[in-house]
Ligand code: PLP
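One chain follows as structure tokens, the form predicted alone.
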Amino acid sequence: MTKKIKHPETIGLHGGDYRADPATTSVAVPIYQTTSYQFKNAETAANLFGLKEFGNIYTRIMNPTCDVLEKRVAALEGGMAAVAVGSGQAASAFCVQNVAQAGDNIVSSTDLYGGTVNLFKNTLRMQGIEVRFADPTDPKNFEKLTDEKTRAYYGESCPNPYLRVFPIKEVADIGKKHGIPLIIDNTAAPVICKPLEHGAAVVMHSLTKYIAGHGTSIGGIIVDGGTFDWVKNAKRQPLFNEPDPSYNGAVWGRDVPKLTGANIPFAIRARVVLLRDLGAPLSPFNAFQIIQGLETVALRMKQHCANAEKVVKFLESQKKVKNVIYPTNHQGEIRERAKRYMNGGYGSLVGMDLGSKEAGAKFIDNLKLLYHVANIGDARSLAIHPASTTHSQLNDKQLAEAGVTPGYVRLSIGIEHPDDIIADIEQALAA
């Protein structure tokens, strides 16, 4: 059924070829709260462990509830396969670790979530993986930082707090020339941005945010677009073209298409190597919870975007607001990228500069309706002061590069009535 469905409103409810539970005919996806699975016989078990056939072995690697979620998100993004993991942070780490090993590097956009910056600058560095940072204002900066050890490019479709939409096709085209896949974190723009359609090879999400939408469950996902030619770029991509000793010499780029009939070695290697060895699975219960959010994400995104645009218009009329940051408020080519890569809205994230750290803190403390939490993408409206929270790990230079000023406040506009959202912002500004 998935191949026939094109509209995200329908994919969220019917994607992934799930119609009913085969054992009980349940329409709702069951929570398969189990660690293990009974093998049919010794031969089947051997085939599963030897990757001669695919199926359930252990919930650390895959689970039937997670499987439905994976298929639906893959369909939503237009990808071939997906792997659910325990958090968006795990998804970011796995995306890099799946292509790079000690001595390798990737080139990443400077415009990133603060936690990702810390992961890239510190934890991956300690693992021997270098992350080089390119200003995405000029896509050619990615090529300038590329050498023979560069294994991937990485960016966020609509990064906060700058909210400068990433040049997806421009960087993807540079990557194709060099045999380098582009990985896009599309957390902030599900439904309204489709990176795979513009040349990205892999898309990831923090499912915790918009796709779940209810703020109850943490999760992440990696979507393999199925378009990158791993074998053609054998010299550039050794992890997919050299024998893997942990799987009896399997060559992922060559063997996975033969086994599955699909060009999804990125997803398969992430599942059977990284999930197996590092163990960051998504729990079946959280998968079930996130599926509930996925069913309405297309509808919610419409309301998120409509409300955000009304908030932006209001903030632009307020003298106490020094600057309003929104994808379409940038100038020139940056503004044009927002129009080019986002369809049906520009997201729910809105930034505003209140001029000083003290003003930002007072505003946060006087909010009544908006929640002060370290999250984005909830159905409810949220606010935070990044310089003292989400980006507090960064020094002054890094904060400036990320677009965080002392008085910057980030709003994640929810789906409440826009008049109620604006009324709360107005009274907090007055206070």
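No experiment lies behind these values; they were computed from the predicted model shown. All residue numbers are counted from 1 along the displayed sequence.
The form predicted in complex with the named molecule exists for this protein as well; it is not shown, and the discussion that follows is about that form.
Although the partner is absent here, residue 162 is not a contact residue: none of its heavy atoms lies within 4.5 angstroms of the named molecule in the predicted complex. Of the heavy atoms in residue 376, some are within 4.5 Å of the named molecule in the predicted complex. Among residues of the shown chain, residue 141 is not one whose heavy atoms approach the named molecule to within 4.5 Å in the predicted complex. The named molecule in the predicted complex comes within 4.5 Å of no heavy atom belonging to residue 153. Annotated contacts: 95, 230 and 236 are all free of the named molecule in the predicted complex [non-hydrogen atom within 4.5 angstroms]. Only one of 307, 208, 286, 108 lies close to the named molecule in the predicted complex, with a heavy atom inside 4.5 Å, and it is 208. With the partner omitted from this view, the residue of 88, 225, 190, 253 that lies near the named molecule in the predicted complex is 88 [heavy atom within 4.5 Å]. Of the candidate stretches 167 to 175, 276 to 284, 213 to 221, 357 to 365, only 213 to 221 has residues with heavy atoms within 4.5 Å of the named molecule in the predicted complex. Residues are counted as partner-facing when one of their heavy atoms sits within 4.5 Å of the named molecule in the predicted complex; in 166 to 186 only 185 qualifies.
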